[in-house]
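Starting off, we have a lone chain in the form predicted on its own, written out as structure tokens.
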């Protein structure tokens, strides 16, 4: 394996949960039963110590590791690996009281009280020192323990802003490093607007939402400061346990952190996945979840990730959380494996008796029984994972990438464009991802800094912010033979959120072969019509609808694929293609219906000889994903509908990986069913 630290971790598929052993110290009979149930459920890993600081250090400088010693020993005795957390996510009350400067300050200048979790200041030297002390104690004590498998640093970092003077001073230092002097900063932020020009660094306070460059940089700083805190946390772990890999659990990408920068400093990506199953269309939910899995797989291309948390049943915080229908737990768990995970893990092992998460789902509920539907479902996953060891060294190989960029999203969120309601950047990226998911074509979800050269097709919906060098990299990609697709609301500002003059950056304008003049914003009730042009290079025909955004563009070297068929701009180009160098650049000027995107990308994939997992068209709501080793191919065939589906495998001959039996030529997929098929690579 590329990363030697991960060899022990990935000797087997990992199956387990967050285990709050310390909540049950007064119930030894429950603790004893837990290990029996772990073995019964085929669990081989537990995440421990995540919120245990008050139990590990009940008083300043006075440590008690006796209970953790027993837990680590019990795990080792049962051949269960420990994913041992550092406890920084929830400081004890004594620390918040004794060192009030460690508490986060709100925008009004008030210290937050001790409450919740992740309630500390990332900049505080005192907090950093206290974290370093306890992390060093943990590393020194357990460095040679046979149970120690992986470090779990803190828990679910978020880009929560602190407005204390320490953070403001750190922000100003960050700005000095970025811009050098105030004149450069004032120009980048265009501070002559509304007389906001700064004449001294200490005048800068990140509270003015009208200065978009300021707020974008404040978001960048907040993310960078969280990363800087994380890097300080891991110093004793790297020093004392250099062979033990490190992770921190990511979440869905709306927590105001640039996870791409974090990914450079973790050994393995892990994330917490909580889709809202059975509330709307499960096919759409399945696609969205696949998008997030592929995003997390793409952070470290070529390496597997960990599904660190998922619920085996329900959550307690989503407003509405439905229990999983029969088959859904197996489908949704193994979906993560299909997209590159080498684990299925849950929050939580045993339901808490009190406080915020007492009714969150768990492997072992308040019934304290293995005779439950959830426990049987979890056991089935454990049994299945033990049959998938051949998949461990496999990877997901993609010829298609969708650019979903955090800094672009932050800038776009601030942008006061003609339609500020329902910009839907993340959702739009998913809509452009969905046709490939439906076809069973593997997609990487990348950011704007990623190398593009390995892909045949790169799609960049609503790429509003064009950082330095990006237009030139896109141009080089297309000139070398790549296919680039972008849309309305793209190429509008630089990385300081300053609008480009004279239209797009020159490299992008050359690549697209057009420029944009205006953007029309439609109301939620309004729709327009697009008409495909005869003889277009994708052989598309017919009419489709558009809504919300319609950009008026002027081709220079681009040719028209579709034209607007309504509004005063009927006849104007709506979709274009520009042959540039050895490649092509497509522009979709309006937000279209999903039917057009499905037909467009199906034709584009065919034109570029990009094939799906199977050589047949899949029924709607059924997808297939592929993982490959050097000599074996694994196809995950998944049905996200509540209907029975039949899939003809064509001329391919597969073995069912879970049963060992030859697969029939026509596979029957029951509602929420998954089949894992394998075949040698000739």
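Residue numbers count along the first chain shown, from 1. From a predicted model like this one, the values you see are computed outputs, not experimental measurements.
There is also a form predicted in complex with a small molecule; it is not shown, and the following applies to it.
Want to guess which of 353 to 361, 524 to 532, 100 to 108, 203 to 211 is within 4.5 Å of the small molecule in the predicted bound form, heavy atoms only? After filtering at 4.5 Å, what remains is 353 to 361.
Report yes if any heavy atom of residue 51 sits within 4.5 Å of a heavy atom of the small molecule in the predicted bound form; otherwise report no. Residue 51: contacts the small molecule in the predicted bound form.
Report yes if any heavy atom of residue 249 sits within 4.5 Å of a heavy atom of the small molecule in the predicted bound form; otherwise report no. Judged by the heavy-atom cut-off of 4.5 Å, residue 249 is in contact with the small molecule in the predicted bound form.
Wondering, does residue 567 line up within 4.5 Å of the small molecule in the predicted bound form on heavy atoms? Residue 567: no contact with the small molecule in the predicted bound form.
Contact of residue 155 with the small molecule in the predicted bound form (heavy atom, 4.5 Å): Although the small molecule is absent here, residue 155 would touch it in the predicted bound form, with heavy atoms inside 4.5 Å.
Heavy atom within 4.5 Å of the small molecule in the predicted bound form - the one residue of 548, 294, 282, 309 that qualifies: Of the candidates 548, 294, 282, 309, 309 is the one lying within 4.5 Å of the small molecule in the predicted bound form.
One residue of 218, 277, 484, 347 in contact with the small molecule, assessed in the predicted bound form (non-hydrogen atom, 4.5 angstroms): Comparing distances to the small molecule in the predicted bound form, the residue within 4.5 Å is 347.
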